[in-house]
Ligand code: AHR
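Here we start with a single chain on its own, the form predicted alone, put down as structure tokens.
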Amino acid sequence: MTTAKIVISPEEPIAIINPNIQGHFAEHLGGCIYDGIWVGEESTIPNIDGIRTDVVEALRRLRPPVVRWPGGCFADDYHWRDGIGPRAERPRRVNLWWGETIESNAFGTHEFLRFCNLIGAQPYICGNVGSGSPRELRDWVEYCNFPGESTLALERGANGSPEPFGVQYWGVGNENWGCGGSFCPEDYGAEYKRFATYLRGFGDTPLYLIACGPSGNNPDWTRRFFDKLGRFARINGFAAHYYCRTAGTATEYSTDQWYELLHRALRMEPLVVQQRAILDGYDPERKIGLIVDEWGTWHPPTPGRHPRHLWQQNTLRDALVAAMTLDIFQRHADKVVMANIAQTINVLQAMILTDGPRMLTTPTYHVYDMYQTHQGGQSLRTRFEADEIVFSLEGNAARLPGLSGSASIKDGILTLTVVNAHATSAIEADVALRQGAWSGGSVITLTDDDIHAYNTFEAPDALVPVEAPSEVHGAQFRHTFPPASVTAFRLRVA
């Protein structure tokens, strides 16, 4: 067992952690929407207006700040009028990107906004640039937000919502370098300006317009886009995407592959730092927020399931990826304003898995539950000193930090989250507070003796956090962090 040190510096605040950093993403892909969120009002599965009650209750516990919808690649072939009006009259379309399954359009604008209302989240609607028009997106905004008696607002009322929805967050396309139109940065910059010119706030709802950023940390895309944008000012957010492509499979991996995926997760930090630095060159006042509105683990197709539906099991390894990534965002709370893990249910790094009437919460869900007290907290400079983990990556030696994490304080409660990435070794650490003193609280730990552990419908609580009181007092204590663990302290500070 090695000895390490964690030093928290309340005298060095970084920024307030935007709750939207713990945002979510729900696409019309596989079982995310249908069976995951929507079962219909006639279903024998308990539901509220067709939306699964068990899913609503589980998500509400996380205090989700924002949900992005309807895609993803699906967004740039989605025409919003298909999803309004009587459901029996809505057209059935081919889902171009995700297995050519039939999209019933039973879950459309009103259903999505009802879902957001039920779980307590703000909606983030991603508009169609690839196959749509500026007029189509402009009309969607009016339909959702106009408080007067325009034809579109009256149609919204006739469809059951006389009051405006007040949707603030709007994405101007998705992955427009790929499935969103195969644009080069300059061409997308021109399209962005054309679309955004016609997107206006209505009533009391100012719009927050989000542009498509690069795939991964691609400085060239960012610079070329902003060079084309020039002095055009109707942009509030810029969204990159980053996925950890797997090492091994979702549930089968060696110890080195365990480390390899965690190593890939840490590439999020240079993305955040470098993309924000490039943005600062064009936007020194930081009026444009850096967003990562798709991120997570992406494993090979699960045998026996449709390969384009992206269903995958979610293990302890995925939980550590989630924790390490959230810690990066929280350590850089001055740089990141929103992030949306992909995806909410039954797809990629899901919070929830469903099977007919059965539902379970995943290890990643439990990380979000453990981390929710960071929302709105003041991020604090925190130093981690621990022996590095050395492992083999493509025949060469690679390194991971033994301990990593983040700390924040809000309303006198300090939240410290720590990941021990070591697959087999516990790490004992002295935890010190440079200003103030602790006066008790709690500690929550998510771990297992098996690094491949996950929950199943037969054993939905096989991997869950364990909470215990923490009687720490004073400015320093010692704690042993189990191997392959995520730990969250919630401690009162005097």
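Residue indices: 1-based, along the sequence shown. Since the model is a prediction, treat every value here as computed from it, not as a measurement.
The same protein has a further form, the form predicted in complex with alpha-L-arabinofuranose (AHR), not shown here; the description that follows concerns it.
Asks: Want to guess which of 409 to 417, 100 to 108, 236 to 244, 251 to 259 is within 4.5 Å of alpha-L-arabinofuranose (AHR) in the predicted complex, heavy atoms only?
Replies: After filtering at 4.5 Å, what remains is 236 to 244.
Asks: Just to confirm, with a 4.5 Å cut-off on non-hydrogen atoms, which of 144, 310, 265, 211 contacts alpha-L-arabinofuranose (AHR) in the predicted complex?
Replies: It is 310.
Asks: Just give me the single entry in 118, 152, 73, 279 that has a non-hydrogen atom within 4.5 angstroms of alpha-L-arabinofuranose (AHR) in the predicted complex.
Replies: After the contact test, the surviving option is 73.
Asks: When you measure heavy atoms, are 29, 175 and 342 every one within 4.5 angstroms of alpha-L-arabinofuranose (AHR) in the predicted complex?
Replies: Per the other structure, all of 29, 175 and 342 touch alpha-L-arabinofuranose (AHR).
Asks: Heavy atom to heavy atom, is residue 25 within 4.5 Å of alpha-L-arabinofuranose (AHR) in the predicted complex?
Replies: Yes, residue 25 is a contact residue.
Asks: Given that the partner is absent here, does residue 294 sit within 4.5 Å of alpha-L-arabinofuranose (AHR) in the predicted complex, heavy atoms only?
Replies: Because a heavy atom of residue 294 falls inside 4.5 Å of alpha-L-arabinofuranose (AHR) in the predicted complex, the answer is yes.
Asks: Taking the shortest heavy atom distance, is residue 232 within 4.5 Å of alpha-L-arabinofuranose (AHR) in the predicted complex?
Replies: So residue 232 does not count as contacting alpha-L-arabinofuranose (AHR).
Asks: Although alpha-L-arabinofuranose (AHR) is absent from this view, report whether residue 196 comes within 4.5 Å of it in the predicted complex, heavy atoms only.
Replies: No, residue 196 is distant from the partner.
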